[in-house]
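Only one chain comes next, encoded as structure tokens, the form predicted alone.
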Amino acid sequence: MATDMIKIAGVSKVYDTTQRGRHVALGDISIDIAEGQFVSILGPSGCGKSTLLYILGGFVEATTGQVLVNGQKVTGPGPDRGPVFQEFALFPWKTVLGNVMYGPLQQGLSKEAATARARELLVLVHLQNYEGFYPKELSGGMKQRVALARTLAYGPKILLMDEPFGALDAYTRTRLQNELLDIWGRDRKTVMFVTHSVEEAVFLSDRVFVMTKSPGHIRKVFDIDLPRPRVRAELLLDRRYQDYVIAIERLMDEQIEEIA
């Protein structure tokens, strides 16, 4: 039986702002995520999805509650949690290979071992022929592949993904979704994935958490009972997939109407 990798217990986040005074971004969030699960977080803009991800990553401190990873309280960033953001944040002065090697070198691997690790991952993300290129010479999809490989290179147990495909065109986004599932299927890392796309969340996930408008709470959890490996063309014809998408879309639409 899978054990809980992540336990978020009673987490809230309050910001003091100059314009609006005290702003409650998150309110009393409690989530348990089993080891190896792929979960997505959906909700209206400004509901605190990214804030929750940053608290789990240790980049933002919760106002109340606590976050445990493998039973240990999160007090800051750590190599067990690997972020992949919409902004690629690659080192522009380093090549593709240099970007992916960075983490292993910082962990103390020899240059030879770091190079071997980086090249293995570049094969995994289909960029083995681009190791000498610089970020400015790559497309958006290729940059995101490099960012993913760079995060995987230092071996995190958890991937924290904040709308990583949100800025990409539809074709590239679909390809990267498929590639992400291939990588996840191989390593079965625990993934928390923030997205605005209902279809993306259902296609990728074991569970989908739908949040309310700000201050964000968990409104409903959907357990996605669809076969793996996921084949998009087959799922589009699967009534269960359609039902999940419709149910979540309706829930999201209700919240948009409430905001309006």
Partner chain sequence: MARLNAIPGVPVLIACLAILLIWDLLSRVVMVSGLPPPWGALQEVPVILTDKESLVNILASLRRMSIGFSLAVAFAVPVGLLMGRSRLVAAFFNPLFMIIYPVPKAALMPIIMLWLGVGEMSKILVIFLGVSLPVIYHSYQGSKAVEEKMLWSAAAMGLGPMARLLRVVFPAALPEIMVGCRTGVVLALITMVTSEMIARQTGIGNIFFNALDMAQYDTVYAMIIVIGILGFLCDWGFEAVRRMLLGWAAPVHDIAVGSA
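Numbering follows the first chain given and starts at 1. Treat the numbers as computed from the prediction; the structure is a model and nothing was measured.
Note that the form predicted in complex with the partner chain isn't included here; everything after this is about it.
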Should the three residues Arg175, Arg230 and Tyr241 be counted as contacting the partner chain in the predicted complex, with contact defined as a heavy atom within 4.5 Å for each? no
Out of 190-198, 59-67, 209-217, 29-37, where are the residues with a heavy atom within 4.5 Å of the partner chain in the predicted complex? 59-67
Are any of the heavy atoms in Gly132 no more than 4.5 Å from a heavy atom of the partner chain in the predicted complex? no
Do Trp93 and the partner chain share at least one heavy atom pair within 4.5 Å in the predicted complex? yes
Given that the partner is absent here, does Tyr54 sit within 4.5 Å of the partner chain in the predicted complex, heavy atoms only? yes
Considering only heavy atoms, tell me if Glu163 and the partner chain come within 4.5 Å of each other in the predicted complex. no
Consider the chain as shown here, without its partner, and state which of Gly155, Gly140, Gly185, Gly78 has a heavy atom within 4.5 Å of the partner chain in the predicted complex. Gly78
In the predicted complex, the residue from Val123, Ala113, Ala89, Ala167 that sits within 4.5 Å of the partner chain by heavy atoms: Ala89
The partner chain in the predicted complex - contacting residues of 100-125, heavy atom within 4.5 Å: Tyr102, Gly103, Gln106
